[in-house]
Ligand SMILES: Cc1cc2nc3c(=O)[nH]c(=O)nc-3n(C[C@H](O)[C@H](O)[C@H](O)COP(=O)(O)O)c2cc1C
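This document opens with one chain alone, in structure tokens, the form predicted alone.
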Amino acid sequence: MNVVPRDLMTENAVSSAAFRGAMRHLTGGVSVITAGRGKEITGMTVTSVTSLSVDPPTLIVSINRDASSFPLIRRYGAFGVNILAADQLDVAERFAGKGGLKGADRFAGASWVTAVSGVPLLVGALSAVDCEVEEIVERHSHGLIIGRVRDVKNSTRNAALAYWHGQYVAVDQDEDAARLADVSVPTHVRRGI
């Protein structure tokens, strides 16, 4: 691992509230991370998935080390990334802990298939990705999990669920493109004047 040593200034610490406020301005795609096998399964809603490499296909997800998914990912060396469609808000909320659901109870109300690695993947997700853990880098409260993609199941759906300013929002390629066209092209140009 390449590490660049440096002295970090700690005297002007940024408050947690200020940092959270800044991060609320980022729009994040909503995914459910699934972990475990058989009856020992759990999952969580995240906005921290990002691609790392196309060759080989690899991604990164940041997970709190206190989350129930973290020890299962470490133990089994695999996890699923289920990129949610706009109409899967109920799935996002269940896996975010709404209603106090935990573990396998979060999987009720949706259809799941078992990936080659053994993790559950959501039927009807925009994409369901089966990952093998390549490396876990632990920093502060979280672990950065680097996952080598072993399988991808893409749907033909195109409306995604996103999270922005503390709320879930739908991003629909067709509807949003039409709205942008309405506001970005002057009326006289659209009419051919």
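Note that residue numbering begins at 1 and tracks the sequence as displayed. Because the structure is predicted, anything quoted here is derived from the model rather than measured.
The discussion below concerns the form predicted in complex with the ligand, not included here.
Contact with the ligand in the predicted complex holds for all three of 46, 62 and 97, each having a heavy atom within 4.5 Å. Of the heavy atoms in residue 126, none are within 4.5 Å of the ligand in the predicted complex. Proximity of residue 68 to the ligand in the predicted complex: non-hydrogen atoms within 4.5 Å are present. Within 4.5 Å of any heavy atom of the ligand in the predicted complex lies no heavy atom of residue 150.
In the predicted complex, none of the heavy atoms of residue 37 sits within 4.5 Å of a heavy atom of the ligand. Look at 131-139, 150-158, 37-45, 51-59: in the predicted complex, residues with non-hydrogen atoms within 4.5 angstroms of the ligand sit in 37-45.
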